[in-house]
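Only one chain is shown below, in structure tokens, and it's the form predicted on its own.
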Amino acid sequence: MTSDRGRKPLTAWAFLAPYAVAVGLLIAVPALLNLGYAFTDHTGLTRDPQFVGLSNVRRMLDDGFLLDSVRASAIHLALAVPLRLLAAVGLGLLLAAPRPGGRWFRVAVYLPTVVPDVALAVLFLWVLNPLYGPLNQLLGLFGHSGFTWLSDPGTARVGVALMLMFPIGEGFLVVLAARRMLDGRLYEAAALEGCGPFGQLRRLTLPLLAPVLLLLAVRDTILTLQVNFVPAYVLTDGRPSNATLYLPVYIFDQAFEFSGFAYGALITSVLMVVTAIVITALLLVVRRWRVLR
């Protein structure tokens, strides 16, 4: 018995060891190196960067473009995360019940997720074209003249957020699986009590799926803040008027276009801190909401 108890922790550690090594080599070590480069004059081209203390920090505090980038990222976060969650949760709940052709609808929802980001962005260049794009032609059926999507700051933000509504396959599958795991007897009892479909959604489905929704909100927040480089770079390259100059785009510009590798490393560290603050605030809000409930 004693030997069996002693083997279990060893088995667990043996199982987790490859993941711990991968996290250390692929996340922790690069993060520490990035933080070290942030206090040097490294350009990405020199071999021996020199320590410059807080010079990059002082530059960052006087950088007006960085403020534009933070503002653009915040607006993008407020637009994209609710749209992605609404699309993933709505389609997941709608297609959870068996229906004719449901399998093909589920495939259609997941398909954009396997399309490379660059290909999807190029496709959206056509979708958002003000002259012959299908989105403006669709608006024309309702008597609207359409928009110059990527030439105006407001519509450019909306255009990038619309593109990110399509690759929602992972979130869609999570909601789909979670909804199918709910006990059908709960809905039968609710129906006997006179609770209609919308009442069941509000009183049963959404409360029971709350942990899943929180997980998706945290995941989409991280993705929206840190993995929005390709759509912004291909569609607008940060323009117009820095409206889509998201932090990953600004980091790329500083590190690779202006050879400011050290300054880009510092902004990357700031992006990590901002992401952590947003996630912590989200978790605190959810925790307080549950206490109030």
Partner chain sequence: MGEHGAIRLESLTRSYGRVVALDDVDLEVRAGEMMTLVGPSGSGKSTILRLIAGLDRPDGGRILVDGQDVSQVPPHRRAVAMVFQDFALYPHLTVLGNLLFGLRVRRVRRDEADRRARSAAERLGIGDLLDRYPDQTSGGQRQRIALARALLREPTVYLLDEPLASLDAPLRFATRADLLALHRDLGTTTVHVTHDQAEAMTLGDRVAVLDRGRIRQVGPPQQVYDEPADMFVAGFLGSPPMNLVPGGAVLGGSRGLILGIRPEDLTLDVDGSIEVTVDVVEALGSESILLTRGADGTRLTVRAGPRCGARPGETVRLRPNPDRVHHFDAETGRRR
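Residue numbers count along the first chain shown, from 1. Note that this is a predicted model, so its numbers are computed, not measured.
Not on display, but discussed next: the form predicted in complex with the partner chain.
The closest heavy atom approach of L192 to the partner chain in the predicted complex falls within 4.5 Å. Taking the partner from the other structure, the partner chain in the predicted complex has no heavy atom within 4.5 Å of any heavy atom of R99. In the predicted complex, none of the heavy atoms of L215 sits within 4.5 Å of a heavy atom of the partner chain. Among residues of the shown chain, R106 is not one whose heavy atoms approach the partner chain to within 4.5 Å in the predicted complex. Contact with the partner chain in the predicted complex, defined as any heavy atom within 4.5 Å, is confined among 124-132, 162-170, 183-191, 83-91 to 183-191. This chain is displayed alone, yet in the predicted complex one of L139, L120, I222, L204 has a heavy atom within 4.5 Å of the partner chain; that residue is L204. Here is the short version: of L208, V174, L95, L79, the single residue with a heavy atom within 4.5 Å of the partner chain in the predicted complex is L208.
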